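To begin, one chain is listed below as structure tokens, in the form predicted alone.
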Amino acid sequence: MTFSQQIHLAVALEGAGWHPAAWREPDAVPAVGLLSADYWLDQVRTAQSGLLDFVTLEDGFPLQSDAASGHDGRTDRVRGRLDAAMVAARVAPLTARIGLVPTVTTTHTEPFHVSKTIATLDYASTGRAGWRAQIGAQAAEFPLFGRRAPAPDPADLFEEAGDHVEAVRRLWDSWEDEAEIRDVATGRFVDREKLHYIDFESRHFNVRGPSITPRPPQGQPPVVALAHAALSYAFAARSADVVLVTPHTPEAVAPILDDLHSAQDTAGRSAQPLLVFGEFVVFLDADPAAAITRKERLDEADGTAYRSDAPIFAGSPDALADQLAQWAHAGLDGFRLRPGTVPRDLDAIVHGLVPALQRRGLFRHAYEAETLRGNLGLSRPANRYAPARAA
């Protein structure tokens, strides 16, 4: 099989790695390091040295847990985390080309706050911000805020998430690009005619606007969503620029793409680009047997075989490159990889997988744009309010 389409590549940064026993590895960062800005900066710089499109930073309000209802009582795994958007803001001026995509929940936050947080990150990173929008459905997180009953209907949460993203997108457009005029002669700093009320009203939010933060450098920072099934496909099709999916075979890709395209039609966004990334948890070593053995050792340390919503790959970077080529041929635009352990698997992605993809003509040899949208091949969208003002 010959497949030559360039693919996109991202990594998902989480704790000491995605395997629950990753923190026990000899080369894992000491516990206090997980709360160090330098730890996250080192990972982002490593990913940037591999020319990756973006990193995502995991986040959530309750303690990490395997129990859907809340705390699982385990004390032998990484618990606690830093705020993802704050970490992204810290590393933004210390990196140059890679996209920074923090996870921010849509369930317990207000669109106004999220809009200015991501817009500010886009300014701090000079156009490299994104937003992984995620619902918060665990019962344990609702009492942290005390504003609503726990565990409402998931369909309601996804509907709210769609309204949340729409309100944020309108707030990003509430300043036209030329609204800040700085006309010393007339003493006018802004052109008030180019600031807009958004007057967004839904069952979940009534947001008037305008934003306090001028339109971000990218106009609309890319929105990223993880989707596993119909409800989340509908949310991603309505709201996202990049959707992360978890097929477990190449044959499962086409039905997912059909579902997403159908959902885009329903949402009236069939003309909008929607990049589809596959997900893998990866354990990589030059010797495939060593990668498998390492994962088995981690499983034994944790007391259970590691399971994930995403397919798990243990083998060599070259074998993973062949697999990604096969899955891209099935219709995926790129992949978000979850390193099983850090730093080993992140290093193997950058120093093993990326060169293997480059040898196959499947990955870039240099960044091709200054912004995250540019590297993803997404154009900068026009401001929805500018044509209305000019008419």
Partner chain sequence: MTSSGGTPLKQIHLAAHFPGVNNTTVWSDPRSGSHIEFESFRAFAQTAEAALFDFLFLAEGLRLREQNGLIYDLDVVGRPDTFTVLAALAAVTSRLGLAGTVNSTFNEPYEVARQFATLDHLSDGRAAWNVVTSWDAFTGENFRRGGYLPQEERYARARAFLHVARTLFDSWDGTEIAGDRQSGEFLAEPRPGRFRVRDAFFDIEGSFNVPRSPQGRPVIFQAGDSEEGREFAAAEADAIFSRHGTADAGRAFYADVKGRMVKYGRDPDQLKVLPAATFVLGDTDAEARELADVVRHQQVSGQTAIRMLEQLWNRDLSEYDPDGPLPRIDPDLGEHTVARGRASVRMHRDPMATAREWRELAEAKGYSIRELMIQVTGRQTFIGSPLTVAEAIDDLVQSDAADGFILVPHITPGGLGEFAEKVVPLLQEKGVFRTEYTGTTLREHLGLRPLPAFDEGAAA
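Numbering follows the first chain given and starts at 1. Keep in mind that what you see is a predicted model, and the values were worked out from it rather than measured.
Below, we turn to the form predicted together with the partner chain, even though it does not appear here.
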Please determine whether each residue of V223, R238 and H329 possesses a non-hydrogen atom within 4.5 angstroms of the partner chain in the predicted complex.
no
To verify the annotation, which of these, L94, A229, A155, A271, has a non-hydrogen atom within 4.5 Å of the partner chain in the predicted complex?
L94
Could you check which residue among A286, A149, V184, A305 gets a heavy atom within 4.5 Å of the partner chain in the predicted complex?
V184
I'd like to know if D333 sits close to the partner chain in the predicted complex, meaning any non-hydrogen atom pair within 4.5 angstroms.
no
With a cut-off of 4.5 Å between heavy atoms, is E25 one of the residues that contacts the partner chain in the predicted complex?
yes
With a 4.5 Å heavy atom cut-off, would you call T117 a contact of the partner chain in the predicted complex?
yes
Just checking whether M86 would be counted as a contact of the partner chain in the predicted complex - the rule being heavy atoms within 4.5 angstroms.
yes
Where does the partner chain sit in the predicted complex: which of 230 to 238, 276 to 284, 138 to 146, 307 to 315, heavy atoms within 4.5 Å?
138 to 146
Contacts with the partner chain in the predicted complex, stretch 309 to 334 (heavy atom within 4.5 Å)
none
